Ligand SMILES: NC(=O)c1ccc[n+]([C@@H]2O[C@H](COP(=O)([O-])OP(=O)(O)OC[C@H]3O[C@@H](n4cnc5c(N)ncnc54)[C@H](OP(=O)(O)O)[C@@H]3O)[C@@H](O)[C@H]2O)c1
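Listed next as structure tokens is one chain, alone, in the form predicted on its own.
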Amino acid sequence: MRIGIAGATGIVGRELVSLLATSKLEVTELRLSATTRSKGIMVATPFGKQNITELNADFFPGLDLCFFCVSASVSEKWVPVAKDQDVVAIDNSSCYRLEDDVPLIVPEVNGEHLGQGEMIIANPNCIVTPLVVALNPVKNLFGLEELCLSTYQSVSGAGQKALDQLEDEIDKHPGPSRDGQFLLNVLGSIGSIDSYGHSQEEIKIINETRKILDLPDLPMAVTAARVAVKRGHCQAVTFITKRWASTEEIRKVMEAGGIIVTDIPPQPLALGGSDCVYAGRLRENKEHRPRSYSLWVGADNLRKGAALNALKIAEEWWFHQ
């Protein structure tokens, strides 16, 4: 299989390159591209050192599939070029996620939507992937009536520049505090704020969760925050089911779906490099309302939340060919 990665030197692109060593795909050719400033750089891959080329129309001919680990504006420009050259695009940006004719895929949740001749496949937001993996087994057996969550998202979710900023703040600590500082701080919104007070990240989470779970009218309330953690996203999730279940029943159905459920809430420091979704502190909310449950969900945002899911999409797509 001839594979390209656009944005190969970025934080998710690098993760994806390393994951190819574990892939079920038979990679016969690997092409890597990035911005002009990275052109000509040699990088180590599971298939030997590879040269970084500039992303342009000459990058795509002959490829079977290309991963786009780039911004939405870059995907908007180059994904159609790949499509026009019969290259399947797996896009990690938000550009195509809500398009009606583009499947938004988490393979263990809705992988059956692949194999319909699609040329563009969207990879979800890195907080949405573990969320729907955790909730889909519950939805299938007990139904979902309502969903509320607050996210605690690591700095790596904002990209390499943000991670570099945190490293710089650590190096210079103690220093004068400033607006937008990550170190010793919590930022109570992610992205721009709309006229209703919702952040861009919160709207993404709501829309993508509804699409993947095929619950377009699911009532949701989301608060997304950035915390001073390098890697690993966590979220406090409260959900209301359509029929009552004991916490033990919910735990068993989640474990059957591959989620690691523990009494101790997962911590970001323990999530790095893991392929799994973790859940802890599962409890019934006796003081809230009937059929209300809460839990703490955590996952490696760069791996399970982004690069690994993109790779699993590719494997599932290839299986359906």
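Each residue number is its position in the shown sequence, starting from 1. Every value quoted in this text rests on a predicted model; they were computed, and no experiment measured them.
Although not depicted, the form predicted in complex with this ligand is the subject of the following passage.
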Query raised in the report: Looking in the predicted bound form, any heavy atom of residue 126 within 4.5 Å of this ligand?
Result: yes
Report task. Examine residue 9 and determine whether its closest non-hydrogen atom to this ligand in the predicted bound form is within 4.5 angstroms. Result -> yes
Query raised in the report: Is there a heavy atom of residue 65 lying 4.5 Å or less from a heavy atom of this ligand in the predicted bound form?
Result: no
Report task. Answer yes if any heavy atom of residue 292 is within 4.5 Å of a heavy atom of this ligand in the predicted bound form; otherwise answer no. Result -> no
Query raised in the report: Picking from 166-174, 103-111, 134-142, 70-78, which part of the chain touches this ligand in the predicted bound form when contact means heavy atoms within 4.5 Å?
Result: 70-78
Report summary line: Of 49, 283, 288, 37, the only residue with a heavy atom within 4.5 Å of this ligand in the predicted bound form is 37
Query raised in the report: Would this ligand be touched by all three of 189, 199 and 235 in the predicted bound form, meaning a heavy atom each within 4.5 Å?
Result: no
Query raised in the report: Can you name the residues of 89-103 that have a non-hydrogen atom within 4.5 angstroms of this ligand in the predicted bound form?
Result: 92, 93, 97
